[in-house]
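Just the one chain here, the form predicted on its own, laid out as structure tokens.
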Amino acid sequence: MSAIKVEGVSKVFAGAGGQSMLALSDVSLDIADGEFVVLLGPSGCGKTTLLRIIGQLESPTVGRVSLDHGNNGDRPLGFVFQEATLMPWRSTAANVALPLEMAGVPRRERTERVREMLELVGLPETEGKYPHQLSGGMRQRVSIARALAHDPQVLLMDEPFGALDAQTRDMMNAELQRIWLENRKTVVFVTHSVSEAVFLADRIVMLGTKPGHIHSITEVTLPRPRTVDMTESAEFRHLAAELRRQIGAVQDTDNRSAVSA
């Protein structure tokens, strides 16, 4: 069953001097309920634009996106961005509780749900701490807890670990996989990192550029749970090399097009 159906989506942005820019062209994609899909590709290929259209933060110029809300009604989407965007004057617990407050959830239920979410992301001891007292990785885990607090069907993540150092990023990828395996939300995840994509994804959607379009879709058959040691395996390395080759081919095509123009 599809949780997300993208049908013939194109997006045009108005540019300077009345010029328009075609950011996405005729993108169609089905994402299954509980699937972890990664959007990968070079800068400017429209990954974030497509994510924002799926998340209803942008409207497509042509085409449409359908979300299947299952049997639980119209549940909101969950978002995690590159910056944690936590409110500095609110404690960890109060930040996680924010979407529940906005939804009018009673205090006792909010408190219980916040504790569940902090347990899920491995940070129960940070309940009373403030963002400035947490590391970058911890702040992103709080952001994930907040995004999951209202039990969304779909979690949309735009390079959430891009600003972290390599070691912390590896740890966060492992943590995100653990969290996903426990709740099996549908995840759409944007990254520039090939290794991150291979580690996390069920399927990798490679976008080409000028304009953004689906270049290829690659199924990742590595067993789960995946470990950091697995990144040294022949299968992992082979798949990563093939994806890097595809990115290079996309960039070469762009360069030739620019020269011809």
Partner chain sequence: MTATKERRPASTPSTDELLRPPPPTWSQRLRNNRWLSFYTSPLLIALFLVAWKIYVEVTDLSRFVLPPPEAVFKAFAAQITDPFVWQTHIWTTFYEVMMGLALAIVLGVGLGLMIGKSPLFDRIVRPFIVGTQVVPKVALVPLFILWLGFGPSSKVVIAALLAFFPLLINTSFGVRSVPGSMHDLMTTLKASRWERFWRADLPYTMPFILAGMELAVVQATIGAIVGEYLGGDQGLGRYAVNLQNNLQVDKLFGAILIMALFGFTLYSIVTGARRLLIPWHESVQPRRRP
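The shown structure was predicted, so the numbers you read here are calculated from the model rather than taken from an experiment. So that the term is clear: the rigid core is the largest set of C-alpha atoms that superpose within 1.5 Å between two forms. Positions refer to the first chain, counted from 1.
One more form of this protein, predicted in complex with the partner chain, exists but is not displayed; see below.
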Does the partner chain come within 4.5 Å of a heavy atom in each of L77, T85 and R146 in the model of the complex? yes
Which of 171-179, 124-132, 158-166, 187-195 has heavy atoms within 4.5 Å of the partner chain in the model of the complex? 124-132
With the partner chain left out of view, which of R226, K210, H215, R52 would have a heavy atom within 4.5 Å of it in the model of the complex? R52
Decide whether V105 counts as a contact residue for the partner chain in the model of the complex under a heavy atom distance cut-off of 4.5 Å. no
Do P99 and the partner chain share at least one heavy atom pair within 4.5 Å in the model of the complex? yes
So, in the model of the complex, is R113 in contact with the partner chain at a 4.5 angstroms heavy atom limit? no
Closest heavy atom of M230 to the partner chain in the model of the complex, within 4.5 Å or not? no
After core superposition, I'd like to know whether S143 moves between this form and the one not shown (criterion: C-alpha shift of 2 angstroms or more). yes
C-alpha of V154 moved at least 2 Å between this form and the one not shown on rigid core: no
Pin down for me whether the Q82-S20 Cα distance shrinks or grows in the model of the complex relative to this form (closer or farther, change of 3 Å or more). closer
Assuming the CA distance changes by 3 angstroms or more, are D151 and M172 closer together or farther apart in the model of the complex compared with the shown structure? closer
